[in-house]
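Encoded as structure tokens, the following chain is the form predicted on its own, with no partner shown.
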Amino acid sequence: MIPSIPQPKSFRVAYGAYVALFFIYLVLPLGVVAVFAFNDSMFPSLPWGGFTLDWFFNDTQPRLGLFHDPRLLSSIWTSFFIACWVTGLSVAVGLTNAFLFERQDFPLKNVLYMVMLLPLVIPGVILGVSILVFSSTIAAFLETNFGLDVFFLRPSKFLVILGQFSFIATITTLVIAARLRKFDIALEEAAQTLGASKLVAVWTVTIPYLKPALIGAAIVSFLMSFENFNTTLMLVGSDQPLTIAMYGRLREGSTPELNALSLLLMVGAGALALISVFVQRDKP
């Protein structure tokens, strides 16, 4: 709807109702999950059994709270560890790729750019299976021919990091390159005219300009890694990340403890999203 063009009142009302229904559709399932995290019942469903914080803080079975569940806490730490590695690698490689594709001309540049985008259109399961088959083949070859047990090429945290990095690095590249494209390279040239080397000019002029994009890319990388399921499922070893642990719990039967965990994840993701929006605002 274009605000400058007069519209019938009925159209404006219908449009407003559509927008309201759309956001209700998005928010209502999350609200239900949040409410049942405080339900004093063994099952996350009606009837409402009263308000309780047991699903967060209780330390006895069968109403074991989230903060006293060693398996879930361990899976949260595993996801955090993986997400930190994936974030660091993805931002570093994304920054390098952004300079490569925005500043350099080289043979087959467009072809390589399309290859870089391929992980975004390949289903996560296929990507995970491909990495697993490739790494397992290498591990089997090394063990058969040289007697080397390369354990990290088997399903493990290393493969999970590699699998997530393979497509998240593409996203960070696009985020950082979009801001680098707006940078006036004359500022770098002015710094070099004043005596700075190329590297010093980039570090002191360009990188600070890219800081909002770097922080935004890091937040996006962390969230995407933390919540990834499809690729992770194919590559996970004995140390289960949070998404895999939650999937296993759901197969056994849902409890309000998972609702409590989901509420914390929603709050954390929302806080990081707000930080990302805040740091990427263009300051006057």
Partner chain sequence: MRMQSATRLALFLLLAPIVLWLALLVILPHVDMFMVSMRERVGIRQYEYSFANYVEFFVEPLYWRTFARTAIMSIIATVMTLLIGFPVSYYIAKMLRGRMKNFLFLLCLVPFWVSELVRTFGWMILLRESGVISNLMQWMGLVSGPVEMLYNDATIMVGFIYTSMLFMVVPLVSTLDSLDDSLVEAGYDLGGNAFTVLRTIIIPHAMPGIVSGCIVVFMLTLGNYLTPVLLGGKDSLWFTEQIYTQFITRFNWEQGAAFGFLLLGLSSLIVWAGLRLSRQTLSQTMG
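Numbering follows the first chain given and starts at 1. Keep in mind that what you see is a predicted model, and the values were worked out from it rather than measured. We call the rigid core the largest set of C-alpha positions that still match within 1.5 Å between the two forms.
This next part talks about the form predicted together with the partner chain, which is not shown.
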- Query: Could you tell me if T78 has a non-hydrogen atom within 4.5 Å of the partner chain in the predicted complex?
  - Reply: no
- Message: If we define contact as a non-hydrogen atom of the residue within 4.5 angstroms of the partner, is P119 a contact of the partner chain in the predicted complex?
- Response: yes
- Item | Contact label in the predicted complex: I185 to the partner chain, heavy atom within 4.5 Å | no
- Hey, in the predicted complex, does N230 get a heavy atom within 4.5 angstroms of the partner chain? yes
- Message: Partner absent here, but in the predicted complex, which of 80-88, 109-117, 67-75, 203-211 has residues with a heavy atom within 4.5 Å of the partner chain?
- Response: 109-117
- Task: Scan N58, N259, Q240, N39 and let me know which has any heavy atom within 4.5 Å of the partner chain in the predicted complex.
- Result: N259
- Note on the structure: Across 236-250, the residues having a non-hydrogen atom within 4.5 Å of the partner chain in the predicted complex turn out to be T243, M246, Y247, L250
- Query: Does G16 move its CA by 2 angstroms or more between this form and the one not shown when the core is aligned?
  - Reply: yes
